[in-house]
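First comes one chain, alone, set out as structure tokens in the form predicted on its own.
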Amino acid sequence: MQLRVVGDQPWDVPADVLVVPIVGQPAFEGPLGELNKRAGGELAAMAAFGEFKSDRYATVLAASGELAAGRVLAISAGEPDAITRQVIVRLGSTVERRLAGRTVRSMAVWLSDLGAHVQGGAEAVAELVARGVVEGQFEPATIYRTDYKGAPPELDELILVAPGANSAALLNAAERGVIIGEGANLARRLDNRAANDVTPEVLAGEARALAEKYGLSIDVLDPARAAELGMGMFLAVGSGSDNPPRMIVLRSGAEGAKDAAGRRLALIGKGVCFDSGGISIKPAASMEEMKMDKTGACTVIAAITTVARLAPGTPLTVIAPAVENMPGSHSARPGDIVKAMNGKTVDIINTDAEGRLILGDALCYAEKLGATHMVDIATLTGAVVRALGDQMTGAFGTPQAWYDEVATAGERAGERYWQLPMIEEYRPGLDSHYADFTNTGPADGGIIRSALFLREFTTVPWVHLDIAGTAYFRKKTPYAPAGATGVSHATLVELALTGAIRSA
């Protein structure tokens, strides 16, 4: 897709479709009034008819009159005081998805005055809109179907219209947005693929291909090497499947190097390629969604490739423990005692609390490889879904200063997090008579106990992101299809890029 930024007035820009954002109730004066006039009064007429809705992401497709564009697509950005960076991204995604099934090769997006409503101004809007349009192009129905007719259009050209702006600066920002959007779509495509298509070995193969393409180093630990390193929790989860586990390690930058922020940052993503629950088997209802339990791994794999494209050589480590959690004659059983890589023993009370087991060994391994700061990301608990739904990611962290850095990256990315407390009084709920602790405890406070469990395997600054609610949508929205969302990919990229080593 060719990307352009033009300083022309929106009515003079040739394109198949001109996108016009509407902030609040439309007032047809100034540039919007001129655009309406040149469209033959069509926008004002539709507003008078009641077609314009102030609900955010509501759209109207109209005739263009004497405009240079073939059609006008007006979209509501909602009330001005509620416009955020996330809203800007979703505006871009919504207009792309609104045109699904239509023949559109060129789209012009008038940036209007959206820059007045978000920090970073017009450059931020250019990046976020371009990223949103790219993310809006993703359609999971096309992964296995060649006859699907309802996909968003594949644009040949995206034109950002910003009269009087610094076109070069906006173009640089938009190009960054396109790359971040493409990374999110990479994660989503991997995530949406079926469990019989993406086994731990296949996921490792995908990571290997990406490493070769983007100049990353890769190491994949098989069960024998994992056993030598003492990864008893990781191996226990994968023991019931005929598809053996793989611990995938990707690195960029020189070995042992620290980034410009003085960190050796590690991103760890849960990679359960299918989660049946193991011996503690899940109910049949919605079990097909458990192919999505690899979201964390797909996200961190995509994140390091995005960082490599935007800032090659930035020191960064990614670890993706990939397993299938299946019942079988060799499966871990409730009551089994396993030893973690750091020597602690764990009493497996519930084999469906498997994500924290593989993450624990991966966190230990990240520290062994020299990590000074860590973020793990996982579809970990149903409790976070019940607490926060599908629009807010639950988060824990220690120390607070490190959590605040991750949260700031999330704000730049336009993604929402809610910090939850690690309440020490809940820790005794993990006590075991036979081991150092159990892998689960009482249902009340379960989300907090999951974080307390993971903390047992960290000694450096660490943040845990529970994306069980936000990782995928069960039904489509104006800005996204049902399926994987790519959540937190942009946050992890922004976090890593704060340590990008700039060339002289």
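Given the structure is predicted, the values throughout are model-derived calculations rather than measurements. Counting begins at 1, following the sequence as shown.
Below, we turn to the form predicted together with a small molecule, even though it does not appear here.
- Proximity to the small molecule in the predicted bound form holds for all of 350, 354 and 468, with the criterion being a heavy atom within 4.5 Å.
- The stretch in contact with the small molecule in the predicted bound form, judged by heavy atoms within 4.5 Å, is 270 to 278, chosen from 426 to 434, 412 to 420, 270 to 278, 395 to 403.
- Note on contacts: among 319, 173, 380, 190, the single residue with a heavy atom within 4.5 Å of the small molecule in the predicted bound form is 380.
- Think of it this way: in the predicted bound form, the small molecule has a heavy atom of just one of 87, 249, 124, 290 within 4.5 Å, and the residue is 290.
- For the chain shown alone, residue 258 is not a contact residue for the small molecule in the predicted bound form, no non-hydrogen atom being within 4.5 angstroms.
- Residue contact check for residue 385: one or more of its heavy atoms lie within 4.5 Å of the small molecule in the predicted bound form.
- Although the partner is absent here, residue 64 lies well away from the small molecule in the predicted bound form, with no heavy atom inside 4.5 Å.
- Under a 4.5 angstroms non-hydrogen atom cutoff, the small molecule in the predicted bound form has residue 282 among its neighbouring residues.
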